[in-house]
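Read the single chain below, which is given as structure tokens and is the form predicted alone.
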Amino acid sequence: MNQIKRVVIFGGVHGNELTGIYLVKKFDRAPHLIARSTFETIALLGNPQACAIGRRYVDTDLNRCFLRQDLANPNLSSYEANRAQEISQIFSQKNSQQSDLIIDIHSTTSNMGLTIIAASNHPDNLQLAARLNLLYPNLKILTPATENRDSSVLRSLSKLGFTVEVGPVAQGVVDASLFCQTEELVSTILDVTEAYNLGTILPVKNPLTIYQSIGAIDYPRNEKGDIEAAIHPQLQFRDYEPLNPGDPMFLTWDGESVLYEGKSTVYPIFINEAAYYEKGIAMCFTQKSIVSQ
């Protein structure tokens, strides 16, 4: 693994996800908590204006503003588009010999437990994920479906790093237990990065269980676009559990079950995520696999 010279910790990319917001504020007050000897650590609020008003965003979702064409477009006028361009400058100004790592802290209303979404399938990134999985056996690891670096999400600014998702926790609420778990995980990521820089840690050889995103599905809707069903009670809170063909997926207002009609077993995540109603997403589908290191 190449030397990592800078780690950037983001919280508050969404202004109503308080776990990351209060962790960044804590790190600002006590920078020694994130200081390590072999790299610089920066903690930033992603969307300060949204954090100040306690809303997910001001004009548009900041975590959908990082496409290269948008970052290069001087005519975009939304607050989040301008903020994304500001954030990208942090990375574009670095020395070409440096490697950065992003930790982007989020929370979710879905029952995701502790989850990390890898910035890429780069071998070094999977090695970091495998080491974390050894230390946190219940940690779930998501990987991108493709290696297309032109992505709209913040973590795509670096090939190394993770989005941290923790839940379930309501929007605008801090859960003390999940806050502490997230802080511990962030600290461990920093410690593992330090150990790799120092050469005091051996590569992980154990197989790694990963979940790869393969798509998303909306709620059933009528011709007016109104939702006609909710997540089925048998599926609610069952993130990462298998959904087999013929299993109930939705329950209509009239009490009729809508079944999963896919041809193969999938593993739903972000089930009934509150922030995804506006995006037309009831859940995301993943495939489960085991990769060798």
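Worth saying up front: this structure is predicted, and the values here are computed from it rather than measured. One rule holds for the numbers: they count along the sequence shown, beginning at 1.
The following text describes the form predicted in complex with a further copy of the same chain, which does not appear among the structures shown.
In the model of the complex, residue 241 touching a further copy of the same chain (heavy atom, 4.5 Å): Residue 241: no, not in contact with a further copy of the same chain in the model of the complex.
Residue 68, heavy atom within 4.5 angstroms of a further copy of the same chain in the model of the complex: Judged by the heavy-atom cut-off of 4.5 Å, residue 68 is well away from a further copy of the same chain in the model of the complex.
Heavy atom of residue 230 within 4.5 Å of a further copy of the same chain in the model of the complex: Looking in the model of the complex, residue contacts with a further copy of the same chain include residue 230, since a heavy atom lies within 4.5 Å.
Residue 181: touches a further copy of the same chain in the model of the complex, heavy atom cutoff 4.5 angstroms: No, residue 181 is distant from the partner.
Joint contact, 49, 79 and 270 to a further copy of the same chain in the model of the complex, by non-hydrogen atom at 4.5 Å: Result no, not one residue of the spot touches a further copy of the same chain.
Candidate from 171, 213, 85, 209 lying within 4.5 Å of a further copy of the same chain in the model of the complex - any heavy atom: Of 171, 213, 85, 209, the residue with a heavy atom within 4.5 Å of a further copy of the same chain in the model of the complex is 171.
a further copy of the same chain: the contacting residue among 109, 188, 127, 133 in the model of the complex [heavy atom, 4.5 Å]: For this set of options, the contacting one is 109.
Stretch in contact in the model of the complex with a further copy of the same chain, which is absent here, among 257 to 265, 233 to 241, 36 to 44, 60 to 68 (heavy atoms within 4.5 Å): Partner-contacting stretch among the options: 233 to 241.
Interface residues of 18 to 53 toward a further copy of the same chain, as seen in the model of the complex [heavy atoms, 4.5 Å]: Contacting residues: 18, 22, 25, 26, 29.
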